[in-house]
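Only one chain is shown below, in structure tokens, and it's the form predicted on its own.
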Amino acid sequence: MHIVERTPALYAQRITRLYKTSGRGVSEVSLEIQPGEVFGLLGPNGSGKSTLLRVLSTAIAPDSGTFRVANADGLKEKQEAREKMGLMVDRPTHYGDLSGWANAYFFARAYGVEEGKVDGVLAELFDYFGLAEYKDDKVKTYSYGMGKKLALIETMAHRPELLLLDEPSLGLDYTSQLAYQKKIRELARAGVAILVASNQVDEVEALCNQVAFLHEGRLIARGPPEALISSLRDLRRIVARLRNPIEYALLEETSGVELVVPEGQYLVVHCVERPGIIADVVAGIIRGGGDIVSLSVERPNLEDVYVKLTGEALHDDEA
């Protein structure tokens, strides 16, 4: 039997992009995304996610390495590569004095949507994302979330083979997030490859077939979400919401506690499974002067995998 291998929608080999002034960038990243795959890229601010997406979108050139979008060389055939992809940056910019429809129309035509089809394509997307009644309003009157939805419309209108999405759901209301996730699943079933750079752990776990962690510009681990999480099967995650910050050094000395990570008002305690561990953690928080508002014991998630691998939190305290 003759087996036909699919051409990867995105193939990147040893991509390097360094910023000498800030020290931030991407170094030696290799990845492959197949048609119909939703690939999640997780990493804290400054880990290189946005830089990598800018390289893969051909917006900036890498210092070294190669990548292909379907059959197009991303370095030598930039125009061909761009025609096959849709890019959404984390802070989209638009022509504020033009309507939402005019902005989307400009992008759709620029990406080759035929004049006879563009109105129908846009009407469907504006309706889907709940912007139909605001399509004639100037974009400068849009809220941040409305601007994000308009950016999703612009990214999807030309029906690309590859989507590069940087924090796509950040700023969307709950209903819009559900609509976005439904659309992503629909596009994946149709064979579109999707790279999602996001710190929304629940969303990545729900949507992605594969996940990779980016740390200081390098991919440090990748695999299916459940396989990565199952590597922490003996770990428990205790999340305490506190009224006040505490000194938690003594809590880290509690038997069975492996790591304590502050996240704003929350204290996340990684600990092994053993009898009495929850009571000991609560006692340690109280000894440290903590006033507990709520406490929950949860299964590990992808953020815990990242913490286990790096010793650092996926979100900073300001998030």
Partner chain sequence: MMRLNPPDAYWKKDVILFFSKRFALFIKMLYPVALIVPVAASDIPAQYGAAVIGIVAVMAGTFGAGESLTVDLNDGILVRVALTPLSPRRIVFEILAVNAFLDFVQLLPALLIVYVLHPAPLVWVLASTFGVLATLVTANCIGVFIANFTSSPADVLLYATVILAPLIYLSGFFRNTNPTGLLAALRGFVPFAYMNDALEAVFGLDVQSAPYEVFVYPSIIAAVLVFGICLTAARLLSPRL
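Remember, predicted model here, so these are calculated numbers, not experimental data. Residue numbers count along the first chain shown, from 1.
The discussion below concerns the form predicted in complex with the partner chain, not included here.
Put simply, of 107, 126, 142, 180 only one has a heavy atom within 4.5 Å of the partner chain in the predicted complex, and it is 107. Of the residues 157, 211, 194, 87, just one reaches the partner chain in the predicted complex with a heavy atom at 4.5 Å or closer; this is 87.
Exactly one of the stretches 286-294, 269-277, 59-67, 256-264 approaches the partner chain in the predicted complex with heavy atoms within 4.5 Å, and it is 59-67. In the predicted complex, at least one heavy atom of residue 17 sits within 4.5 Å of the partner chain. Although the partner is absent here, residue 133 lies well away from the partner chain in the predicted complex, with no heavy atom inside 4.5 Å. Heavy atoms of residue 248 never reach within 4.5 Å of the partner chain in the predicted complex, leaving it off the interface. At a distance threshold of 4.5 angstroms between non-hydrogen atoms, residue 75 is out of contact with the partner chain in the predicted complex. Looking at 157-180, no residue comes within 4.5 Å of the partner chain in the predicted complex, counting any heavy atom.
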